[in-house]
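One chain is shown next in structure tokens, namely the form predicted on its own.
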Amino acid sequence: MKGIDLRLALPVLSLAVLLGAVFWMQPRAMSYTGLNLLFNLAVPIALATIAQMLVIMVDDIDLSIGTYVSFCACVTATLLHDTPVVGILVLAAGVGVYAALGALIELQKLPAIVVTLGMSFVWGGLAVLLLPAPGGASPDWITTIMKARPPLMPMAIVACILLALASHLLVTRSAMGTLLRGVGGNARSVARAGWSVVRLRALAYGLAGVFGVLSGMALVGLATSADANIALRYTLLSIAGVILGGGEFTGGRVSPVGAVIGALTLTLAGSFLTFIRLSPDWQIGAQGVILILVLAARLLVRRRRTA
């Protein structure tokens, strides 16, 4: 089995096993309504995971994506709802800041983990300034999209399929995606070929900012309101989703389809753990156990292949 097949097979298997366990415990979940409840928050988590994947693809890691999504959610529930033009400009400025961070990290050779950690406090502070207490309201058009009921499959699953396809085409089938993966794999070779690594890293971060905006908007569309801390867990969930989906921290090795499947698995795990009435304090630990088990399986298979 090829490496890319292995990286995709394990998250698919983990999702199938977890889904089978849910159906075995609660057969009524095998319905349109049941699946809709299980994967209700899959879209914003998948979007945040793709944002994280784009940063990991260029050999960095983003510790601010959770607070950034929270900030975008607060902008969506306040400015975008009340004054759409101002809201759009603020969200666009957020994307611009993300792109500028990528350029700064490359120009000054700064550690991305430190820069993004610092920015997490900035995004968190801006979110609190916008929305000191939970509130706001979702724009009607976002709510309509997120709560649509397409035939055959719930909106969350349909949206994740489309997201997986779009991100796969962007990352693995486009010239831009090839260059961005090249930055993560061997930035010097990309520079020697005449490409600006500064611009490419800024592009990767800017695209991550766009997906972060979409994640915040989708989250507000589902929750119908926002909070400055609404997506804090998305930082760890997005990293886990990328790794669970077959990505690696070095070399620009990522799997867009696997990342979406990883996000679906983590979403299902959260719904399943809530379903069995496990305390929320233990849920993130249980999701971590799932991640460790999949990574251990990946390591065992890899060792057998190289033995």
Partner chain sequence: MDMRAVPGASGPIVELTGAGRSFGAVRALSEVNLSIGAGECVSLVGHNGAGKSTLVNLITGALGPSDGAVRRIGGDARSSGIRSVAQELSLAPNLTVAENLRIPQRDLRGLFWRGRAGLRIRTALDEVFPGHGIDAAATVADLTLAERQMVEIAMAFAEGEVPARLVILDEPTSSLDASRAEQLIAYVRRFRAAGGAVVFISHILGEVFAVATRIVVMRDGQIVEDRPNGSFTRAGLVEAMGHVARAATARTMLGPSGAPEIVATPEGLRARAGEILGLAGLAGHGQAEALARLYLSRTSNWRGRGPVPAAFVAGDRARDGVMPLWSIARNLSVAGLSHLTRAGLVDRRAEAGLAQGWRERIGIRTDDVANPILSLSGGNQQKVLFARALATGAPLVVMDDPMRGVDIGTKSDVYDMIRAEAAQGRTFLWYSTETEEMTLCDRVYVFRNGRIAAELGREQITEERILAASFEMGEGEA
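Numbering follows the first chain given and starts at 1. Since this is a predicted model, take the numbers as computed values, not measurements.
One more form of this protein exists, namely the form predicted together with the partner chain; it is left out here, but the text below deals with it.
The shortest heavy atom separation between Pro132 and the partner chain in the predicted complex exceeds 4.5 Å. By the criterion of a heavy atom within 4.5 Å, Arg149 is excluded from the residues contacting the partner chain in the predicted complex. Proximity of Ser189 to the partner chain in the predicted complex: non-hydrogen atoms within 4.5 Å are present. Using a 4.5 Å cutoff between non-hydrogen atoms, Pro84 does not count as a contact of the partner chain in the predicted complex.
Checking 105-113, 149-157, 168-176, 76-84 against the partner chain in the predicted complex, the stretch whose residues place heavy atoms within 4.5 Å of it is 168-176. Only one of the listed residues (Gly96, Gly118, Gly125, Gly185) places a non-hydrogen atom within 4.5 angstroms of the partner chain in the predicted complex, and that residue is Gly185. Using a 4.5 Å cut-off on any heavy atom, none of the residues of 136-165 reaches the partner chain in the predicted complex.
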